[in-house]
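As a starting point, one isolated chain is supplied in structure tokens, in the form predicted alone.
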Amino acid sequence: MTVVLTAAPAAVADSSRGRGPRAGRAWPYLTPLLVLLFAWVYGPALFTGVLSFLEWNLTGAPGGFVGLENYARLLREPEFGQAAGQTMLYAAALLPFSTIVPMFLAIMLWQRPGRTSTVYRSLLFLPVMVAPVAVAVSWRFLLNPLQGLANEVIGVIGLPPMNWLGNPASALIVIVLVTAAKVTAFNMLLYSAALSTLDRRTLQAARLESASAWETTRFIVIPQLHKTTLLLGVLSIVLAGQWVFTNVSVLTQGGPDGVTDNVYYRIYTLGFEFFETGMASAAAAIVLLFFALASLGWVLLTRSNLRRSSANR
């Protein structure tokens, strides 16, 4: 009996650490997922890392090993540094449209339930359902400097026609606003889902205390949405360059003067227009390394804050 009583906690401890027999039985179930994960994510990433050290023009067999030459050539190009800066600018410009704007739209529709709010929510979500290329082509016709509807509209109030996509002062703003419509619509849906999980007891308590709608929103609703806001903010920073890729490719091709370029479009042009596969792979590796280090720093900072909060309790 003594042996049984002492062996049982040990078995439980091994199982909790993933070393027990139950953990061994889980591997056959995890293997297909791990194989697919390697085939679709880590395998291509590893292959890209290998290509970054080779000289290859995409039309023949991969050339010889060139070491860090592709990285050195890439960092000497001013266009890549400009594209990296523009990518960070896109992330900063899209951040309010991925957090603040969809949050307040979702709160306003949540505070007024009914058929009207459902219709508004459906209309706002419509840009997400349209193909990105179709949206970009439509905007190219609307913003045409000679026959576009946008110049016809501003002409009604006496303003001169504008070259929306050919002017460096307006091209980046147009790309951000066109992209923001879809980002705002999708994140509004996520905020609506988060609002359905709010603590009803605090809302009822605020109602009993005769709190106004603004006070309820300011001190109860928004604080309970901080995890959703934090997640969407991080995703916006990481994915902003990918979100604008289609609009940059269709509307401006990185111009004028590179003001609408970003690192993802730069990788595309290096690989599939200039056939500099080694340099394109080096650029992709730099982007991956940057976001991996940023994610690691974010995780360490979050854990440090959690430990500090636990210690203060």
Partner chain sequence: MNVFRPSRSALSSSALSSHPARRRLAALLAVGSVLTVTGCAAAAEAGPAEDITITFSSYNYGTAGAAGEGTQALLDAFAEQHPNITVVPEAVPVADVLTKTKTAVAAGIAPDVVQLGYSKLAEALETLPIQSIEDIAGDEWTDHAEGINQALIQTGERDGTAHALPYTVSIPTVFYNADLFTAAGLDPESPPTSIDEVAAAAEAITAAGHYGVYFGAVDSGKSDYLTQSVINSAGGAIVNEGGDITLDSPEAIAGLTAVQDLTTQGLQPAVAVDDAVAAFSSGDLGMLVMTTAVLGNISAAAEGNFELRTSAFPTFSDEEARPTHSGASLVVLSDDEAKQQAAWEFVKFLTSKEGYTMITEKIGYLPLRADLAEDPEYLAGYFAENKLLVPALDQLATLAPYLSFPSAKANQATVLFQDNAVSPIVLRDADVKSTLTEVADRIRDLVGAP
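Keep in mind that this is a model prediction, so the values were computed, not measured. Positions refer to the first chain, counted from 1.
What comes next is about the form predicted in complex with the partner chain, which does not appear here.
- Mapping the unseen interface onto this chain, residue 144 counts among the residues with a heavy atom inside 4.5 Å of the partner chain in the model of the complex.
- Contact annotation for residue 245: none of its heavy atoms lies within 4.5 Å of the partner chain in the model of the complex.
- Using a 4.5 angstroms threshold between heavy atoms, residue 49 stays clear of the partner chain in the model of the complex.
- The partner chain is not drawn, but in the model of the complex it has no heavy atom within 4.5 Å of residue 215.
- For the partner chain in the model of the complex, the listed stretch (207 to 215, 130 to 138, 97 to 105, 72 to 80) containing residues with heavy atoms inside 4.5 Å is 72 to 80.
- Among the residues 163, 202, 224, 111, the one placing a heavy atom within 4.5 Å of the partner chain in the model of the complex is 163.
- Contacts to the partner chain in the model of the complex (heavy atom within 4.5 Å) from stretch 262 to 283: 272, 273, 274, 275, 276.
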